[in-house]
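Next up is one chain by itself, shown in structure tokens, the form predicted on its own.
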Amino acid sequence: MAQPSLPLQQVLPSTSPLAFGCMGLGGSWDDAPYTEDHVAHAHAAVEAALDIGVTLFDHADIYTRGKAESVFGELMRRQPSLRDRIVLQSKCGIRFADSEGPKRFDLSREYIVAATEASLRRLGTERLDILLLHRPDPLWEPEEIAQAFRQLREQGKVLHFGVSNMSASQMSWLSRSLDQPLVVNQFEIGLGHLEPIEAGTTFNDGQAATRPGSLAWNGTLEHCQQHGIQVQAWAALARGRFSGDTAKDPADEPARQLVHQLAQRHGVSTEGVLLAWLMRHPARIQPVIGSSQPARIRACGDALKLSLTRGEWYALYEAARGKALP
């Protein structure tokens, strides 16, 4: 079994507190090719991310069916120095429906290696700094995954490995077969998705049956902290639920109002408040910015200027959960 990892900032010192998620690059999620307009859009988004100090760029082989990686690769071809300034991360393991079957997860050795090599071709680079397994596969064999990791590392194609959307028990099970520690677990967490935090906070309040989704997350944040695994938060901005001028769901209105009040109090953006809430957690959560709008990306940089008090953190927590803590 692999030993615990060092913090990601020690493993890859150039890693930034914020990450940029590249899912919105490359155009549509069909087979239409990307255009020069998509390249220009990607360039503007990437420059905005670089402007606020982002160095980690997060991809997946499925994003816009590979076009997100291809467009990003085009940016690196036009600006060769970009590759050495960033930490490049991608994910594999989700397959779309095809002649062999429906949408499915595939963490076989053959697929991990083939998908990684395809990502490298689209990105136009010889290596990924980090490769994540995108979703748990019910048919996975940890030793087979370990073989894929070993092959990719020995060939110099991937430096470090991690997972996405995995619980503490799944990470423990996989790690038993690995000879290199997992460095990242990326999953949904934030004011719009409280389950990973609720799993610990309300563990013994007698109402667990009303929150079955949170039970799967028992111990996940603690496991990541214990083993030096970087928590990355996707949907960290909660898809705009709390940062806009109105709440689509009336249940979100108290939290939305509080986010705006705190933004005004501290002189920062609402996006900054949302991300600062995550970053206040002792797991040192790394938010992944999902927007590709340059103005909103730059607004996220305000998270680095804000340190919420314990009282402010809990006020947001209570407002988002919709009721007082037990």
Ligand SMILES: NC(=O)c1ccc[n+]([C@@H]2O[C@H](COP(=O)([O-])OP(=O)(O)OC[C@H]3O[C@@H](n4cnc5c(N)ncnc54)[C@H](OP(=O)(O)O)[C@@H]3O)[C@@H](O)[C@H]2O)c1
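In case it trips you up, residue 1 is the first one in the sequence shown, and so on. Everything numeric in this text was worked out from a predicted model, so none of it was measured.
Below, we refer to the form predicted in complex with the ligand, which is not included among the displayed structures.
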Please tell me which of 239, 77, 104, 121 lies within 4.5 Å of the ligand in the predicted complex, judged by heavy atoms.
239
70, 64, 292, 269: which sits within 4.5 Å of the ligand in the predicted complex by any heavy atom?
292
For the chain shown here without its partner, which stretch in 239 to 247, 169 to 177, 149 to 157, 217 to 225 has non-hydrogen atoms within 4.5 angstroms of the ligand in the predicted complex?
239 to 247
I'd like to know whether residue 125 contacts the ligand in the predicted complex, with contact meaning heavy atoms within 4.5 angstroms.
no
Contact between residue 83 and the ligand in the predicted complex at 4.5 Å, heavy atoms?
no
Would you classify residue 186 as touching the ligand in the predicted complex, given a 4.5 Å non-hydrogen atom cut-off?
yes
Does any heavy atom of residue 276 come within 4.5 Å of a heavy atom of the ligand in the predicted complex?
no
Select from 160 to 194 the residues with a non-hydrogen atom within 4.5 Å of the ligand in the predicted complex and write them out in sequence order.
164, 165, 186
